[in-house]
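A lone chain, given as structure tokens: the form predicted alone.
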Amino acid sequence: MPSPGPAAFPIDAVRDRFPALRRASPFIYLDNAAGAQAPRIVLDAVAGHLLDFNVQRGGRYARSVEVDRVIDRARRQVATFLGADNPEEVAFGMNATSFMRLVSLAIGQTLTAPRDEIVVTDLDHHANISTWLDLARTGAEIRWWRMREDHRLHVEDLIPLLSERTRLVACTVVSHALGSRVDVAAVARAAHGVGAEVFLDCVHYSPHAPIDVKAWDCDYLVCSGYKAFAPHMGFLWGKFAALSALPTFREEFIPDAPPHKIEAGTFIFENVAGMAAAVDYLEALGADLDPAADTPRARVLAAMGGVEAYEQHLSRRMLSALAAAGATVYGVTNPNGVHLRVPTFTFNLPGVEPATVAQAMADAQIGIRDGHMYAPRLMDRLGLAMATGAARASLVHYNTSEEIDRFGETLRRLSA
């Protein structure tokens, strides 16, 4: 089924499912890259878990047994979201950054000559750079995959960096600052061609388009639920054999097998219940968009395909609003190239400090962000000072054209 155009996307019904949007009105959420709002079904799942099942897992009484059931169901739902076959490949925890560190420490213990090179990029969030740079202390050699002047990573530039020495390529799926997408399936083909693994930061991509770990053929992938309409939590997916081989900390009575060897200590069960409910929300949206979608995965794909198409419409409208205000936009700026980006826009107004832009938006009841976006090397590539950085407006599928128009009017007044 083709994805619906903007006129067919059920934006009013979508917004009705997010109570925060109505409660905040007339405030506009355009800081979604820092965390999206949660639909009612997620709020109910979190509250319901705290009310009825706020106990530790592993007991014999019914409420404790239910916690185990909730976690098992959440693994299945997240596997559906990712296109994974085995729910045991999904591990839950605090956030994506902690999983990045867990995997990097484990990879560091397996580095041996001559396979001791790690490839990182200057497009990534610093969390997916600094943890790999730290392995240089234990013998890792770092190779840099640089973005081009079009503010995108090109796989042709990665290939010369790869050799039989490459242990792992760490990169983002889409830039949290510029919105630029990366052809991660091509990254995996290139890396696997020399026997290396691929670690993907999928945090910023997750609310915008379908994830398919099988088609991408990555080895590890991390997400944060709060970017994808769930509460604050994170999850790691990895190929079962790769996770099984990782040397991780665990108490001796914990099985040395995924996912339990990855989940040191107790995580936040109610937030995991919320993550499962976020996938339920996407399934419901997919059923609305494509009534013929007859499996959970088909419904998730229908939802995310519809979201992707609608957000391309938002991207074109946002580019127009930024251009009308004379803004300098970093990332893909051609309206015909919005398939190469998500609706995350880092920009500056000539002669106006980013903090001034963000404050003017705040005064107009519009939430955006300013600063270095946790990407110091990217700021340096863009010629921007860390102390000031840029402004960023980030949209998801519950945003509207009318909200973009309000943003554009405020921006034009400020630039004038």
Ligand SMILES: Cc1ncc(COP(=O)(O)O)c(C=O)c1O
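Don't overthink the numbering: it's just position in the shown sequence, from 1. Owing to the predicted nature of the structure, the values given are computational and were not obtained by experimental measurement.
Only in words, not in the display: the form predicted in complex with the named molecule, which the text now covers.
Every residue of the trio D201, S224 and K227 has some heavy atom no more than 4.5 Å from the named molecule in the predicted complex. Residue in contact with the named molecule in the predicted complex (any heavy atom within 4.5 Å), chosen from T248, N95, T333, S130: N95. For the options R299, H125, R181, R75, the one in contact with the named molecule in the predicted complex, meaning a heavy atom within 4.5 Å, is H125. Screening 264-272, 151-159, 236-244, 97-105 for residues having heavy atoms within 4.5 Å of the named molecule in the predicted complex returns a single hit, 97-105. Using a 4.5 angstroms threshold between heavy atoms, L378 stays clear of the named molecule in the predicted complex. The named molecule is not shown here, and in the predicted complex it never comes within 4.5 Å of any heavy atom of H208. Although the partner is absent here, A45 lies well away from the named molecule in the predicted complex, with no heavy atom inside 4.5 Å. Proximity of A33 to the named molecule in the predicted complex falls within the 4.5 Å heavy atom cutoff. Counting a residue when any of its non-hydrogen atoms is within 4.5 Å of the named molecule in the predicted complex, the one hit in 168-189 is H176.
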